[in-house]
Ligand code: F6P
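Take a look at this single chain in structure tokens; it is the form predicted alone.
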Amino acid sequence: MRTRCDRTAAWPLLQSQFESTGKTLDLRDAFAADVQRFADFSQHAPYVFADLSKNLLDKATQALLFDLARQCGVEQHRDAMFAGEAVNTTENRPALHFLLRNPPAGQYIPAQAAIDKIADKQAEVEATLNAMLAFATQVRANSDITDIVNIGIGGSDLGPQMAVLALDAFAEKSRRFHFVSNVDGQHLADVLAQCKPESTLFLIASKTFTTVETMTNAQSARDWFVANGGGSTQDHFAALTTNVAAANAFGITTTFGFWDWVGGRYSLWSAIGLPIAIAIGSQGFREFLAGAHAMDEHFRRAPLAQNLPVRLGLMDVWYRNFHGFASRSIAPYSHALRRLPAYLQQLEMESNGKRVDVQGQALPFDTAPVLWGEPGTNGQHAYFQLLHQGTSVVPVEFIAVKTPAHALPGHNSKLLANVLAQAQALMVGRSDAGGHKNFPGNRPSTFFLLDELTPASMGALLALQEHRVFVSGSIWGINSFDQWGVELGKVLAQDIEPRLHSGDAAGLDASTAGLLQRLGPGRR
């Protein structure tokens, strides 16, 4: 049974705690008063060490947050998800993305309540995974294929693109990976200019095979392929879709499906991850899944006080609803993780950017923060000015990797020195009587540390973020697994596109009509 956070006994206690000590907590004083603070507010989880000690939390607040989680039924909600219950209430579906990274049947025994609901799905997952990995192995063995072009959008682009870049150190260097998502033809044109039809494999990633942006790009790619003597599309196109008939009609016979219980932003573990499997190989992809599964088990089994996704999700609620922090900055000090902020934007903001609860009732409090960021040290020379001296407090999440994947001397020590220094500077600040060089300090940050960036550690890091989002959404009483907010603009675009050719502005608002006239026939 789920109880919305503002209807629990813990909620007003947290408000009192914030008013009495929370809003005046000074991290410098907290460290001075408690030599155990680092140990008490940091922990190991699978493949990830997290230091939460530079956050605006004390033990009393954390205890109340754990009470809030219990009173909201987070544990029961989590167990319902792992049991295959329809936790995606508006679409009456389960959310079984964790099933995509379960070990093969016989090695993993789910909770008894889940066996009947997920056993058949587990078999389908294993069959599809084996087929996909076999195809990936076949592609890797074909030296004639030098370019892989993934055409998708949203979760069918952000996840595999981010992971392929992140795990480049484990990829073969004999082929290039391209990701096309934008319906702006310049994106596809730039990629095609680098490719030759006879040595290119196109992966069309669309669950329904109807997504406008994806299918527009796919059709243009096919036209380019045929016009330039590419030969049979069957040998150079594969589809990641459930609409096999539409793929066949397009000229594609190699298809790999996935399921309606996999949301797009959770789909890189499925056939959508084919580019990842081609890049890092079958064994690497299985290690990627295994790292995520290890984090699943941590989330499923660890008590609340030692459960890292729970601690992070509760901290997100504390910052959003009591401190009023409207955004969070992601600062990966790893060039390989340069697309991680964009990936996490979709995960957080599409999942929890909601204004009604699961009953459809308007929420009287804020939900998802805005996520944004760039890799360090680039961000230091751009927006860190605002983080240190701006009028808004923005919690920062640093991600660092202890051992680099390169052998260039001197670089990693400078990189690590910078990330440690930035986290320290945000907390300690610096006084300046003149004001211009004054750093107020006491600005919160979280520090994630990976020993190495490997398929397994990458999988664990991503699963950690998925479950963290689940926890905050559970506390807020919302459905984190639908995304109706992406629909309206798409529907309106279908009406507007023919008007661009006809010039018909009837029934439109004045602004849209005026813009249409400037963009209509004869003006482009």
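We number the residues from 1 along the sequence you see. Since the model is a prediction, treat every value here as computed from it, not as a measurement.
Quick note: we don't show the form predicted together with the named molecule, though the next part is all about it.
Glu374, Glu397, Glu350, Glu287: which sits within 4.5 Å of the named molecule in the predicted bound form by any heavy atom?
Contact with the named molecule in the predicted bound form is made by Glu350 alone.
Counting any non-hydrogen atom inside 4.5 Å, which residue from Gln346, Thr446, Asn321, Asn88 sits next to the named molecule in the predicted bound form?
When the named molecule is considered in the predicted bound form, the option within 4.5 Å is Gln346.
Check whether Gln483 has any heavy atom within 4.5 Å of a heavy atom of the named molecule in the predicted bound form, and answer yes or no.
Residue-level check for Gln483: yes, a contact with the named molecule.
Indicate whether the named molecule has at least one heavy atom within 4.5 Å of a heavy atom of Thr211 in the predicted bound form.
Yes - in the predicted bound form, heavy atoms of Thr211 and the named molecule come within 4.5 Å of each other.
Is Gly155 close enough to the named molecule in the predicted bound form to count, meaning some heavy atom within 4.5 Å?
Gly155: yes, in contact with the named molecule in the predicted bound form.
Within 4.5 Å, heavy atoms only: does Asn217 come near the named molecule in the predicted bound form?
Result no; Asn217 lies far from the named molecule in the predicted bound form.
Which among 199-207, 377-385, 412-420, 363-371 is in contact with the named molecule in the predicted bound form, heavy atoms within 4.5 angstroms?
Within 4.5 Å of the partner lies stretch 199-207.
In the predicted bound form, which residues of 238-269 put a heavy atom within 4.5 Å of the named molecule?
Result: Gly264, Arg265.
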